[in-house]
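For reference, the chain that follows is the form predicted on its own, supplied as structure tokens.
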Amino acid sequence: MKHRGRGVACGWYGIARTAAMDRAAVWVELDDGGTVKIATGVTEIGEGVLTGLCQIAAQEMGVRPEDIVLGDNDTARVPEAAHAGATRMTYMIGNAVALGCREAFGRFRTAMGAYWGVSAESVRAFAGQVWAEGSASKRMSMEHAVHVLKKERGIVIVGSGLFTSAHTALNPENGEATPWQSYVFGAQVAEVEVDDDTGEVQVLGVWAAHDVGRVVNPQQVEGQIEGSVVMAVGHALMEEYVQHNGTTTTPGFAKYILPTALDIPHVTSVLLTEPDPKTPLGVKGIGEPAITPTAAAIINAIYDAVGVRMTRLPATPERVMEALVDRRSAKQPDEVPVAEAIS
């Protein structure tokens, strides 16, 4: 018979190391054609960080995302952005891009204000168009603005940005410290169906609510959450790396089982978008935090469904059946054969 149950779990995850310094830097140049060149040692590992950085730079510089050119990641020629991991990419490099662009755009506003004879504060830019607020005639494309500043004034607009976490040293007396600059909080609910004849567990749905700060690209954030849930389903129910005498006994995917499309539940993401007050952009990260509560929520849902507490992962059908048999035996002491009971 199949039984349904729901479980809830929550988690939190630190980003931006403070005990060991974390930093990222960029150079920015407003280039011919109204494009913006961003030079930094960022590495794209498939999560789409380059798209997010283009969106950030486009908004800060008043151009379109397609007008952003991200330079190569050879740190012999561009500023270092440090490693691609630890849920730090948008948080660290995104803020560095914002700082560099704000410096460059400040210089651009000053130069255009002087060119038009208006205050720098009245100069605005959006989607590749530049104008002076309150003037019908002082308007041109960003491409034209760059041309007049370069050719007529000899001004090249550049900027640089460095974003670093605030270093906090260990307390020499008690070892206390603040190891991370920001924290991502989240809670998830999992619904499962457990077959008490086979021990098989099917995850039917996961509702994932996470505090992600200001959102740059909602689709990418939801994709990160969905990917984390998929990984956690494997962690909770099927993935187990086994060694014997130092040699793996699960050398291939025939024995190391991964979730397939049939194992993936429907994921409902809820984004809590309160801006992080410690950064210029207000963003956080969601690369790893979303995986933290999922397995615990699934295990709690199994308990809600059939009343057995799984204390070892993965909760394979064999282990769930073993727990169910133990539970049934514990509930039926009177059914022990008389002869066995006497002996």
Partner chain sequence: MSDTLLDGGTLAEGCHPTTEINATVNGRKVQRRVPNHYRVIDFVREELKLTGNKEGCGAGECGTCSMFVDGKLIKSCLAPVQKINGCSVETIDDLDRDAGMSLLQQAFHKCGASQCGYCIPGMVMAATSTLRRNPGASRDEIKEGLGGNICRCTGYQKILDAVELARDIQSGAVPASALEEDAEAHSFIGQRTRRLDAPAKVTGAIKYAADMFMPNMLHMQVVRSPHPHARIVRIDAETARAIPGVECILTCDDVPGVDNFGVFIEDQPTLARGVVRYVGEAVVAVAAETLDIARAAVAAIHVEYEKLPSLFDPHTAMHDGAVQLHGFAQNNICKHTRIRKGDVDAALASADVIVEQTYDTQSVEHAYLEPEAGLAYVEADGCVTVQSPSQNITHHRHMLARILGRPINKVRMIMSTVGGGFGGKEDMIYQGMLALAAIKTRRPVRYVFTREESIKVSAKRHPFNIRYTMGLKRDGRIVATKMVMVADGGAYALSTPGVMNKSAILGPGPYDIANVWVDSIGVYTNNTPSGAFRAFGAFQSEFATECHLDLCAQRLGMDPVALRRINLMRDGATTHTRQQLDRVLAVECLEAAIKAAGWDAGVPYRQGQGKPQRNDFNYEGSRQSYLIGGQTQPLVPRASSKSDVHPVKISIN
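Source: prediction; values computed, not measured. The term rigid core refers to the maximal set of C-alpha atoms that superpose within 1.5 Å between the two forms. Numbering follows the first chain given and starts at 1.
Keep in mind that the form predicted together with the partner chain is missing from the display, and what follows is about it.
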**Fill in**
Interface check vs the partner chain in the predicted complex: of Leu99, Ile157, Val123, Val216, the one with a heavy atom inside 4.5 Å is Val216
**4.5 Å heavy atom contact with the partner chain in the predicted complex for all of Arg6, Gly11 and Gly223** = yes
**Fill in**
Only one of 132-140, 147-155, 184-192, 111-119 has residues with a heavy atom within 4.5 Å of the partner chain in the predicted complex, and that stretch is 184-192
**Request:** Verify the contact flag for Asp197: yes if a non-hydrogen atom of it lies within 4.5 Å of a non-hydrogen atom of the partner chain in the predicted complex, no if not.
**Result:** no
**Message:** When the contact criterion is heavy atoms within 4.5 Å, does Arg107 count as touching the partner chain in the predicted complex?
**Reply:** no
**Request:** Although the partner chain is absent from this view, report whether Thr164 comes within 4.5 Å of it in the predicted complex, heavy atoms only.
**Result:** no
**Request:** Answer with yes or no whether Gly287 is in contact with the partner chain in the predicted complex, where contact means some heavy atom within 4.5 Å.
**Result:** yes
**Asked** If we check the partner chain in the predicted complex, which of the residues in 289-305 reach within 4.5 angstroms of it by a non-hydrogen atom?
**Response** Ile291, Thr292, Ala295, Ala296, Ile299, Asn300, Tyr303, Asp304, Ala305
**Asked** After superposition on the rigid core, does the Cα atom of Val325 shift by at least 2 Å between this form and the one not shown?
**Response** no
**Prompt:** Any CA movement of 2 Å or more for Arg17 between this form and the one not shown, core superposed?
**Reply:** yes
